[in-house]
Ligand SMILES: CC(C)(COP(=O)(O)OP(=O)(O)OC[C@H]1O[C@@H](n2cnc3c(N)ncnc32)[C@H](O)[C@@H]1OP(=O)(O)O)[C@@H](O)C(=O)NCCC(=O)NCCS
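We begin with a single chain expressed as structure tokens, specifically the form predicted on its own.
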């Protein structure tokens, strides 16, 4: 994938479309702190955040300067120098099954001012991003969404879910393995570098993970936060029996009942590079004195900790829904970029209303789970499974966490040959549930 993403010209098709409505689609010069500051202010307004101050803008002006930020401008507005719509994007490596990664185009900061709604601006911006991603050689586009009803029209589909967990520690006696190491209290500055190493070592183990960036790391650790938040945060690091850092967590503790013995621990971020570190950190939280509840938002829907306590009903998901959405752009590159659970021969008749992934292909997977994709002209080979589906469904299946059978029964996928759903389900299945532990 091309690395010169920030210099890629504005999509002429989208620029022309907005021009007919008296609007300008332009790249933001992120080195121009005045212009970029106005763009960031518009983005904050779009998500109903507080108006940024010079202090809160400063880390964003430097930490997000490498992104390709685009704005829509209205010269007839009272403030023509502030965009009425925003979008930001950058290339990243997306983890896929088989401890591999593929080049993806991460899309974020999609906002349209309430003064300019219902004019097709979001559609034009999103289609521009997809064309730009294709030009740059991305296999697919990805985003996390605040609204689940918008992005399917552009070919996106949920591929990794998230869950908010709540654990009653009075019933959650630890029955998991005894960890070999120990937990240490540390400062955010202590964790700054070691956390980067731990995160990078864990990234390829979970489909749906993407590369973290420095500003995100600092936000998760509370670096640069206001004084009240810094005082509330507690940070711990887990070291194995050899003294090597293998995990860390960021959390808060607050009173949650009429008695002092009723506190809640809220785990904001927990990363473990080994099963030993996972057990060590979770046991640490579940055995806190004066704590009756542990909460952990934005976790996997398939957390092992539910099987590490005496009463499985003590740990339950209080909220579960879509989180990471994917959109395949290059079918061959995307499908060849991941590994599969077993050999198969599969014909995929893919429909894409926007044309990026419209194709009829043969996916051949060898005994090692390595795939080859070729265009198909004619009948499906004898013995091959065959499905007809849209790019949305293929994108949902891509990370291996969704059921082909469920989508067939839902009428979203058509079996062109009986038994094809079972074949594809087996081949695409990931033994590790797809998950992404943050928003972007």
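Positions refer to the first chain, counted from 1. Nothing here was measured: the structure is a model prediction, and the numbers come from that model.
One more form of this protein, predicted together with this ligand, exists but is not displayed; see below.
ask   = Exactly one of 341, 145, 314, 225 has a non-hydrogen atom within 4.5 Å of this ligand in the predicted complex; which residue is it?
value = Of the candidates 341, 145, 314, 225, 145 is the one lying within 4.5 Å of this ligand in the predicted complex.
ask   = Given that this ligand is left out here, which of 216, 350, 206, 150 has a heavy atom within 4.5 Å of it in the predicted complex?
value = The option sitting close enough to the partner is 150.
query = Heavy atoms within 4.5 Å of this ligand in the predicted complex: which of the stretches 246-254, 260-268, 153-161, 96-104 has them?
reply = Only one stretch passes the 4.5 Å heavy-atom test: 153-161.
ask   = Does any heavy atom of residue 132 come within 4.5 Å of a heavy atom of this ligand in the predicted complex?
value = Looking in the predicted complex, residue contacts with this ligand do not include residue 132, since no heavy atom lies within 4.5 Å.
task = Determine whether any heavy atom of residue 309 comes within 4.5 Å of a heavy atom of this ligand in the predicted complex, and answer yes or no.
result = Residue 309: no, not in contact with this ligand in the predicted complex.
Interface membership of residue 117, this ligand in the predicted complex, 4.5 Å heavy atom rule = Yes, residue 117 sits close enough to this ligand in the predicted complex that at least one of its heavy atoms falls within 4.5 Å.
request  = Determine whether any heavy atom of residue 46 comes within 4.5 Å of a heavy atom of this ligand in the predicted complex, and answer yes or no.
outcome  = Residue 46: contacts this ligand in the predicted complex.
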